[in-house]
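We begin with a single chain expressed as structure tokens, specifically the form predicted on its own.
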């Protein structure tokens, strides 16, 4: 085998490895999702068994629901409370503490084993198909090695065959897991419904707060005396219609685009999010597959260069230096961006297990969200401090650009706020701007001015934060302007002076044109930074008073981490990104046009 062929073989094996790893990971994930649902179902069955025994003070009732699967002992484990699963000689089992009728003292332990049909793993046919797919993948890639210059149609066709071979076992496994998860959901509903039917006094259980939920572990709804339907909290946005109660009835009901599993036991309707929704691994599998295809693309791009040693070596060295940055960007930038885009298309909340796909509904809702657009308006007003900061920084840079004694110390003092903790700065300014004992109001009182409500008045709060922001960024901008001034040739000023230009004309026709690129950079970065302001608002005002300082990023934070509406927050983030992108693009086009006119 020649060196080029060997090199191509190594590259193609490297390209194959991510697909094989993704295939194995997807199959493992499918099996894990089903196993996790089985354990969850067994724990909930054990809790239901414990509650039934406590209600009727007898374990014989469990024979009708869990025949041959339960054991009641006098064991009292002080570390045991809710049901936990463990591996037993006959498979998976669970145990939970049994309390007396008043729920004060432990009186025993209930053991419950899983049915034997729940121990089955991935079907053998899926494992065989996966093994054959791996073997054929290797064979196809080796065949590709010995036919390097094939036509494009052959390469595209072979790539399609590889993807089909990789995806077939995953598709089969995903179908199997969904069927298994559906069966486990139905088992859960049947056990809960059977427990209600065997309850000694169902009406009393329904009337007792939390009685039905404690026994079944499920949300429920019952008709009230007026004939309407009341429902315990299933989802903040869900309302299941209670047309009629049929017993027994098992099925599915849709509320706010979410499908729930329901079961009727007169007069109660039980409801729960099915396992095929909460444990479905398809989203994670798609993410793994996308990552595998991205990782596969790079080695395949090198395969055509295997017969060109110099070009191959040069490209390999270049990409090896770029690899750490690419990995970092993929994990910490591209990954979060993709996840945020996915969140923005779902109704996603930490308080709601139902996270349905809603498409562009979150974006449409933003059109009528006055609070969000008020935050955008406040952000735009806050951005107005950037020109003032730039003018001040340029003036300081022009002054200290001269060689004066003590200028190095002055530069360091002006640059110090840039490297100081934002939280520390905000807390100091919060004290300085305090209405009653702030330093600034004390200084104003010395010259006869009354106290100003710097941070507690809607008319001055945002201006106060803008003043602090100018003080923070002016040192950083000054350093950049100094670097730009140092890059302007001294001969330009000498020529202007010979032509009779004074200081003002030299500034307009030499300094500003020479600082064009520096001004552009400072303006773009400062505007982008001002649109992302958060820390100062969070520490000093928390968006108040009366939402006067509620800027865009702080509003997004509130939406996500105080109201737990992550889907809406992600949509707001993308809208803010679009606004920043458009403003930046507009600045690029405007400054480029002016530069062209000047030239």
Partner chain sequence: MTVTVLGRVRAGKSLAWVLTFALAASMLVPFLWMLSTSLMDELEVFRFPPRLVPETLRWDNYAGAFTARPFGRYFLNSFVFATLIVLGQLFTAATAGYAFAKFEFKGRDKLFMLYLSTMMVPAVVVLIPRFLLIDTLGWIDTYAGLASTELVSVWGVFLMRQYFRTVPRELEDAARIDGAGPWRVFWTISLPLAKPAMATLGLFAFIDAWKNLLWPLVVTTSMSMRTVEVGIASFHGTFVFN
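Positions refer to the first chain, counted from 1. Remember, predicted model here, so these are calculated numbers, not experimental data.
The following text describes the form predicted together with the partner chain, which does not appear among the structures shown.
Trainee: In the model of the complex, does residue 489 come within 4.5 Å of the partner chain, counting heavy atoms only?
Mentor: Residue 489: no, not in contact with the partner chain in the model of the complex.
Trainee: Would residue 573 show up as a contact with the partner chain in the model of the complex if we use heavy atoms at 4.5 Å?
Mentor: Looking in the model of the complex, residue contacts with the partner chain include residue 573, since a heavy atom lies within 4.5 Å.
Trainee: So in the model of the complex, is the partner chain close enough to residue 104 to count as touching (4.5 Å, heavy atoms)?
Mentor: Contact check for residue 104: no, nothing within 4.5 Å of the partner chain in the model of the complex.
Trainee: I'd like to know if residue 299 sits close to the partner chain in the model of the complex, meaning any non-hydrogen atom pair within 4.5 angstroms.
Mentor: Residue 299 lies outside the contact set for the partner chain.
Trainee: Tell me, please, which stretch of 273 to 281, 466 to 474, 177 to 185, 106 to 114 lies within 4.5 angstroms of the partner chain in the model of the complex when heavy atoms are compared?
Mentor: It is the stretch 466 to 474.
Trainee: Which of 124, 498, 447, 424 has a heavy atom within 4.5 Å of the partner chain in the model of the complex?
Mentor: After the contact test, the surviving option is 424.
Trainee: By the heavy atom within 4.5 Å rule, which residue out of 560, 548, 53, 65 makes contact with the partner chain in the model of the complex?
Mentor: Only one option qualifies, and that one is 560.
Trainee: Looking in the model of the complex, is the partner chain within 4.5 Å of a heavy atom from each of 343, 418 and 432?
Mentor: Judged in the model of the complex, 343, 418 and 432 all sit within 4.5 Å of the partner chain.
Trainee: Give, in sequence order, every residue of 530 to 565 that has a heavy atom within 4.5 Å of the partner chain in the model of the complex, or say none if there are no such residues.
Mentor: Sequence-ordered list: 532, 534, 535, 538, 539, 553, 556, 557, 560, 561.
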